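Take a look at this one chain, the form predicted on its own, written out in structure tokens.
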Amino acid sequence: MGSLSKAFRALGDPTRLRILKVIAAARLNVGEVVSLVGVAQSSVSHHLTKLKALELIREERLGSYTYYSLAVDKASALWPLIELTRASEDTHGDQARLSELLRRRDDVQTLNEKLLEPGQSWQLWSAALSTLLPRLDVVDFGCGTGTLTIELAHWAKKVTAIDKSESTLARARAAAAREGLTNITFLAADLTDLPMPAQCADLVVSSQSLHHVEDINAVLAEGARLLKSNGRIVVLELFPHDEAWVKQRLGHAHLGIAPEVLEEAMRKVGLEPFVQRVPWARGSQSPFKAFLVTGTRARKTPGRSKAA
């Protein structure tokens, strides 16, 4: 009861209440909170310290920034206070500014992902080579917002684009619609357990998707299962690196993958690999370098079969 009473007294300060309200909606750093509530950083830091002392918010370090997020869940005695805070009137327009801030943040993250995404540099090559390629049934593992999917669809017979995020797939669908493409099927699914029949694809591509999943072998096994006889999987991956921030910021499960690890994993699922270890990087100082691996399906590939 004492902690609840202290929390109510602390939130008698209108600025502190505004700060808790925006943090209850999104994880924010000090600079972002300052931009939303429009008071001095020293004052914001003071209010954040008070809220943290009351265990209403938590602090975490990500890269060079300290972020604050809600530390209270529905099981806490303080949860009714959070609900009252969220329901309080937004007389200063903080929520509108928060929506714009999150939109800009999403744009920046998308840009970061694009800068790390060698698939972006394939667009001109894809267009130039499309007239030389056969019309194949293609599966795109971890399609994201559809950049590579769209390039594949320009020459493929059909493309099945797979991602676990419905919101990301919605953006991919919108991008495909803008291009007028009708040969893409979008599928929200776990790459380790796909609701697709065996031997349905001529080509499986994975452009920097494997470092997002815990079980690399399971994903490659699904790729092998989907391939027709003599079908091929093409994987673009990052060499191992030390940029640990990508786990929190971009959701990476692995800090790159060693080529020999990927090569051995392919062999285990019945794929005959060819590893191209020529480094690719956005710039000479970039810590992110990529390599290309292709694997051809053996005549007998281990793994379960699934009905169509």
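These numbers were taken from a predicted model, which means no experiment stands behind them. From 1 onward, residues are counted along the sequence shown.
The discussion below concerns the form predicted together with a small molecule, not included here.
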Next item on the list: Give a yes/no on whether A189 approaches the small molecule to within 4.5 Å in the predicted bound form, heavy atoms considered.
Entry: yes
Checklist line | Non-hydrogen atom contact Q208 with the small molecule in the predicted bound form at 4.5 angstroms | finding: yes
Note to self: Test of understanding: in the predicted bound form, would V213 fall inside 4.5 Å of the small molecule by heavy atoms?
What the structure shows: yes
Next item on the list: Give a yes or no for R97: in the predicted bound form, does one of its heavy atoms lie within 4.5 Å of a heavy atom belonging to the small molecule?
Entry: no
Notebook entry, point to check: Given that the small molecule is left out here, which of T168, N217, S88, Q199 has a heavy atom within 4.5 Å of it in the predicted bound form?
Noted result: T168
Notebook entry, point to check: From the list H154, K164, R173, K228, which entry has a heavy atom within 4.5 Å of the small molecule in the predicted bound form?
Noted result: K164
Next item on the list: With the small molecule left out here, work out from 89-97, 173-181, 74-82, 189-197 which stretch has heavy atoms within 4.5 Å of it in the predicted bound form.
Entry: 189-197
